[in-house]
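Shown below, as structure tokens, is a lone chain in the form predicted on its own; questions about how it binds or moves come after it.
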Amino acid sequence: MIELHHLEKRFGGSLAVQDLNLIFPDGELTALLGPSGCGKTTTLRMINRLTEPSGGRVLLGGQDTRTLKPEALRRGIGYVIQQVGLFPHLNVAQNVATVPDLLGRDRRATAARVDELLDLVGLDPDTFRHKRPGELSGGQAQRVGVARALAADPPVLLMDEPFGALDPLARDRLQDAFRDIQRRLRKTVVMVTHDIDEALRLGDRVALMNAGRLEQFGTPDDLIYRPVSDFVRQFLGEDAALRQLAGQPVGRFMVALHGPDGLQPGRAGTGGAASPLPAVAVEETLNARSALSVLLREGTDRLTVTRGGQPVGTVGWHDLRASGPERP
């Protein structure tokens, strides 16, 4: 869907992006990751021509974006930024409907689309449809921003530090919500982030940049277990594998429960009876790193996993270790 060929951006005498070649796979989320000043935001802005390239080409669906009018190009691309940018004089429904209205879409169909999207991002339409941006929390406003970017059903979504201004709890919840939305809609998403955890949690692929150049492009497993340079290894850090667990649902590592409720199969306690294990709820423990934290806190090597209050399996140290990719 999106191809960058020898892309370059020069500001004065310095190159912000140089000889960048990338193909963003259709239906996947690619995280543009790197330190401040590495060129990731400039790269994102060149895709929709908010910044014009100094050299090279951007292809969208095989078409050179230089042949398109910038306004027409941007109306076909969803765009989410950290500051959200909602219009304060419009209510939530009007903000979400901005692009469909510009495109002359049927108003009744647009209204139904607005309600559908508000529900998709976890905002009850009856409650939020008529609220003004000033009445929303930061997390709610960011959800409206995501809904607005999806309103015209664009095949491509660009996101520039979309969750960076939120508090940790709101950020985690919105990341989880967006990950679920992406799994359902399968948009081609390019997301700029400086947050390693976020890139490993959300990205199907990660493009790690350094000083305007592409350092490595691949899956999170590629960067963690098969780094191509010392920079990649040092940037991700020694705890990269632990960071990656934050993006993995605990169910991926769970062993189905075959013993009595809440008991670890094969584990004997006093007098030969099975010993109960500490329990974690799938509804609360959203990722494998959270389960690992409970293992450490409880001083045990295995936990019972429950869903709706009922035991469904167990997870332990060896499950978390064995489920990782095969090391080179």
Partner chain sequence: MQAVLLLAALPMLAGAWLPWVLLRPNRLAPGEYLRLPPVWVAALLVLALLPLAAARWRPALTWVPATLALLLAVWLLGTRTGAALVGQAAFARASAASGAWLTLLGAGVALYGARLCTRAAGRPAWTGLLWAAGVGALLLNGTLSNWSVLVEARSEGPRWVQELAQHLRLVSTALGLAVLIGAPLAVWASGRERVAAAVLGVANAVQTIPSLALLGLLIAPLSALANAFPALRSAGVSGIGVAPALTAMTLYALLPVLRNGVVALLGVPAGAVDAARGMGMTAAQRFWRVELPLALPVWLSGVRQAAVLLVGVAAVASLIGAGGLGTYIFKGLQSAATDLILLGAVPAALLAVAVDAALRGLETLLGRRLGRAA
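Numbering follows the first chain given and starts at 1. Keep in mind it's a predicted model, so treat the numbers as computed, not measured.
Separately, the form predicted together with its partner chain exists; it is not shown, and the next lines address it.
Colleague: Do residue 213 and its partner chain share at least one heavy atom pair within 4.5 Å in the predicted bound form?
Modeller: No - in the predicted bound form, heavy atoms of residue 213 and its partner chain never come within 4.5 Å of each other.
Colleague: I'd like to know whether residue 148 contacts its partner chain in the predicted bound form, with contact meaning heavy atoms within 4.5 angstroms.
Modeller: Although its partner chain is absent here, residue 148 would touch it in the predicted bound form, with heavy atoms inside 4.5 Å.
Colleague: Please tell me whether any heavy atom belonging to residue 48 falls inside 4.5 Å of a heavy atom of its partner chain, as the geometry stands in the predicted bound form.
Modeller: Contact check for residue 48: yes, within 4.5 Å of its partner chain in the predicted bound form.
Colleague: For residue 108, is any heavy atom within 4.5 Å of its partner chain in the predicted bound form, or not?
Modeller: Because no heavy atom of residue 108 falls inside 4.5 Å of its partner chain in the predicted bound form, the answer is no.
Colleague: By the heavy atom within 4.5 Å rule, which residue out of 196, 224, 99, 181 makes contact with its partner chain in the predicted bound form?
Modeller: Filtering the options by heavy-atom distance leaves 99.
Colleague: So which of 120, 136, 81, 174 reaches within 4.5 angstroms of its partner chain in the predicted bound form, heavy atom to heavy atom?
Modeller: When its partner chain is considered in the predicted bound form, the option within 4.5 Å is 81.
Colleague: Heavy atoms, 4.5 Å, its partner chain in the predicted bound form: which of 73-81, 188-196, 109-117, 201-209 makes the cut? Say which one.
Modeller: Selected range: 73-81.
Colleague: Within 4.5 Å of its partner chain in the predicted bound form, which residues of 121-139 have a heavy atom? Give them in sequence order, or say none.
Modeller: Stretch hits: a single one, 132.
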